[in-house]
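Presented below, as structure tokens, is a lone chain in the form predicted on its own.
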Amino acid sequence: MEKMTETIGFIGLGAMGNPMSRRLLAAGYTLIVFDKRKETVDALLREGAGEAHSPVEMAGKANRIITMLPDSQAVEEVVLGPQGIIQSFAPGSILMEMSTSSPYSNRMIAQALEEKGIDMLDAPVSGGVWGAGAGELTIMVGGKKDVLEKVRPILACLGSKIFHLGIHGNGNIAKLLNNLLSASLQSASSEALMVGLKAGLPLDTFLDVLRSGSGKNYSVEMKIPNFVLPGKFSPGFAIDLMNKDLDLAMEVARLAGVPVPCGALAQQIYRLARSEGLGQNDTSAVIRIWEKWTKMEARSASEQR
């Protein structure tokens, strides 16, 4: 495979960052990685990646850096901290900040970088771990269109759909509202399924109805069949992270001055799930609230054999 000329740094090798970084290696890019988990870094080193021991070291070696981190605080520390990217990133370099974080924090970071001649895009993703591994992510981009075009080939290795949404922060606004809707649909789908089960409907057939009718959505098509029916709630996308995203989405709504009663209900349901000890489970585990209330479990007979 032809070696790409750009050197890419990747910071944050978690459930999403790990398969995303492997996609870039497979595409022939020179890749430098940084993560606090040594075993994750070592695995990528064996596959051909290079290592940086800090963000500031990475920024001295790469002209393109991707961050995939858990929250805004982590992003700010990695970019603006004493050992942050900003300390050694050369003018003309580009940061692709692909975490799901606060759009207002993103805008502050972008301004600080711009004063140093460094460009930034906020480019959060949707599509989960499977999409990250398959290169089928949806990428929502905020920032300058001409900067996006410079790194489009890199992003195209990671996602099949790339949307430019305007100014810095807008990518994360879109992602947060997508997750607000996703959480609402997951809650409503869980509720409907468990009411049907409690009322005597055959589980698998009723789920087929929901997947075929006007209530069809990602939860009944993908999450419930792949996580709930087999009773395997390993993330996926953790309830703890969804709670963080819902808090940020509600902040967007508050600052926009828009009432969000449906979103507020979803936020409370996911807080309840977290209080029940489900925070490290996949978001589909929210159904376990209704399973507790009904004293029934939504497990497919075919999955249990």
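Start at 1 and count along the sequence shown; that's the residue number. Given the structure is predicted, the values throughout are model-derived calculations rather than measurements.
Separately, the form predicted together with nicotinamide-adenine-dinucleotide (NAD) exists; it is not shown, and the next lines address it.
The single option of Ala49, Leu69, Ile269, Leu278 touching nicotinamide-adenine-dinucleotide (NAD) in the predicted complex, heavy atom within 4.5 Å: Partner contact (heavy atom, 4.5 Å) among the options: Leu69.
Single option in Leu113, Val151, Val129, Leu197 placed near nicotinamide-adenine-dinucleotide (NAD) in the predicted complex, where near means a heavy atom within 4.5 Å: That would be Val129.
Listed range touching nicotinamide-adenine-dinucleotide (NAD), judged in the predicted complex by heavy atoms within 4.5 Å, from 185 to 193, 93 to 101, 166 to 174, 203 to 211: Selected stretch: 93 to 101.
Candidate spot Tyr29, Arg64 and Gly143, all three touching nicotinamide-adenine-dinucleotide (NAD) in the predicted complex (heavy atom, 4.5 Å): No, because Tyr29, Arg64 and Gly143 lack any heavy atom that approaches nicotinamide-adenine-dinucleotide (NAD) to within 4.5 Å in the predicted complex.
Residue contact check: Arg274 to nicotinamide-adenine-dinucleotide (NAD) in the predicted complex, 4.5 Å heavy atom: Answer no; every heavy atom of Arg274 is more than 4.5 Å from nicotinamide-adenine-dinucleotide (NAD) in the predicted complex.
Residue contact check: Ala15 to nicotinamide-adenine-dinucleotide (NAD) in the predicted complex, 4.5 Å heavy atom: Ala15: contacts nicotinamide-adenine-dinucleotide (NAD) in the predicted complex.
In the predicted complex, Val78 touching nicotinamide-adenine-dinucleotide (NAD) (heavy atom, 4.5 Å): Val78: contacts nicotinamide-adenine-dinucleotide (NAD) in the predicted complex.
Partner proximity in the predicted complex: Ile287 to nicotinamide-adenine-dinucleotide (NAD), non-hydrogen atom cutoff 4.5 Å: Judged by the heavy-atom cut-off of 4.5 Å, Ile287 is well away from nicotinamide-adenine-dinucleotide (NAD) in the predicted complex.
Neighbours of nicotinamide-adenine-dinucleotide (NAD) in the predicted complex among 18 to 36 [non-hydrogen atom within 4.5 angstroms]: Those in contact are Phe34, Asp35, Lys36.
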